[in-house]
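One chain is shown next in structure tokens, namely the form predicted alone.
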């Protein structure tokens, strides 16, 4: 076979590599289940064809116009849908791919089933691009640019934030970080690259037809991403070339005709995908994890060592013997929430005072965790008011509440499973220039400097809870007790003034539980306001300065935990329910 034959497949590999990188950016890094690659490639391709036929613009302005059109459509589509559940995003983008293909097939001005043919040969720098070798410099240049954009975004603090959003959107928002705007941005960038690839595909083939942009093409690009590696730019390129070159390799090695190789290719894809998912689910080139270097690391748990909380600014101590004299930081008035006919919270009133540990106790189903969801914005209340330092935060989002200085932990941990402990804790840092796309590209030095400083602080937090900052395992591979430590370190690293701890001892016991109690006591020494939901009476007795007893979604009594449980009715209500 001639060199032109191989050049043709190289060109196709370069174009599909751009598509794979774009899809990996949105599916791999951001965790957005979009099936709209074919649609946006078609938008870019048909825009290029129409401009080429009717306007005859030069090549670069034509491609830029295609990218602009694709980006505008992407932003307009993504803004209202990316806040929905991922299954709806998948269905909507799939429907869009089918719709775009049907419109192209049935619209006369777009060539119908035949498509737009007879496009003028593109020119670049005065040279007419006629054979595959002529396209190579252009396609290589576009691939390099696409790789740089995706690599800078994906392997930066912005990418770290997007990978965390992929793992747990609410967990990211509870740290004070917005997610929807960043999702829309990544979706727009991904679709811009896909539109550029679609434009190049049309220019290379000299025509725009519905078959070039069918839903099958999206599935083909998905196969490239899975084979190459999720959240891996080099993996996308490798996966694209493996898939594209499968056909000529089958023809050469098995002496197959093009028709036979096209028929057997889906079978080979299926087998390859099964083997990849079974034996190497991360792909040929897996996702990269970066653990910043720190000046020191520990290997034994140095829990509650003197001076371990130097990164958390201390506040004046409050006398716990007089809890009702401490300033009110959080005040809840008449809070109520119903789920259908179930009353979860019913006219709740309580106060959290500065420098004290306040406990919410009561039987299972009393509404304690729901209270945390309501006051942090995870769930909107039906009635009532929540005041933080005198300001009404009732209708604020979780990220807005966290920015105001109130941060929570979760009963179900919500660690970012695919990130390392260091990456988990670093996400709690505020005002990171590298967590915006503009900062990634326009302020790279400031971003790196801030990341180094943040890594040092995060190392101190990990050491404080008893973990090695250089631990390279992903959070999902750690023990449950270690995950608890990571989650607690992440909450503390926000340096908030109010910490809401939802069952910090659940799932741990023995020394691990005792160490966690010691950590909470050390945080209280800094004057932070703490509210704890916990079933362990021993833990509550050790920690709490004041307690509220909840029954049926409202407070039925308040005082010291010893006074509350000395009441026979409350003791029976609590111990009878948890026994």
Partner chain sequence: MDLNLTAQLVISGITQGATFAVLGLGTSLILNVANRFHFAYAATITGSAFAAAVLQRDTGLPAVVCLVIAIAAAAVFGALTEVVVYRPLATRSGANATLPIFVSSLGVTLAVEAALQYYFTRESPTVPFNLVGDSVIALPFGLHTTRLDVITLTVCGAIAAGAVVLLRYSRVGRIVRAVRENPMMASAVGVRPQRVNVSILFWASACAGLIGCLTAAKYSAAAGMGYGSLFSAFVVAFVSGQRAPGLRVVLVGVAVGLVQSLSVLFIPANLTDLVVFGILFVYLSVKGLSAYGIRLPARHPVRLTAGRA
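Treat the numbers as computed from the prediction; the structure is a model and nothing was measured. Numbering follows the first chain given and starts at 1.
What comes next is about the form predicted together with the partner chain, which does not appear here.
Student: Find out whether any non-hydrogen atom of residue 479 is located within 4.5 angstroms of the partner chain in the predicted complex, and reply yes or no.
Tutor: Result no; residue 479 lies far from the partner chain in the predicted complex.
Student: Report whether the minimum heavy atom distance between residue 345 and the partner chain in the predicted complex is within 4.5 Å.
Tutor: Yes, residue 345 is a contact residue.
Student: Do residue 127 and the partner chain come within 4.5 Å of each other in the predicted complex, heavy atoms counted?
Tutor: So residue 127 does not count as contacting the partner chain.
Student: Whether residue 245 contacts the partner chain in the predicted complex should be assessed with a 4.5 Å heavy atom distance threshold; does it?
Tutor: No, residue 245 sits far enough from the partner chain in the predicted complex that none of its heavy atoms falls within 4.5 Å.
Student: Among 498 to 506, 75 to 83, 463 to 471, 145 to 153, mark the stretch whose residues have heavy atoms within 4.5 Å of the partner chain in the predicted complex.
Tutor: Of the options, only 75 to 83 has residues within 4.5 Å of the partner.
Student: Look at the candidate spot formed by 57, 64 and 117 and say whether the partner chain comes within 4.5 Å of a heavy atom in all three of them in the predicted complex.
Tutor: No.
Student: Between the options 404, 430, 338, 452, which residue brings a heavy atom to within 4.5 Å of the partner chain in the predicted complex?
Tutor: So the residue touching the partner chain in the predicted complex, by this definition, is 338.
Student: To verify the annotation, which of these, 204, 410, 372, 222, has a non-hydrogen atom within 4.5 Å of the partner chain in the predicted complex?
Tutor: Exactly one listed residue reaches within 4.5 Å, namely 222.
Student: Let me know which residues along 367 to 401 have a heavy atom within 4.5 Å of the partner chain in the predicted complex, or say none if there are none.
Tutor: 380, 382, 383, 395 sit within 4.5 Å of the partner.
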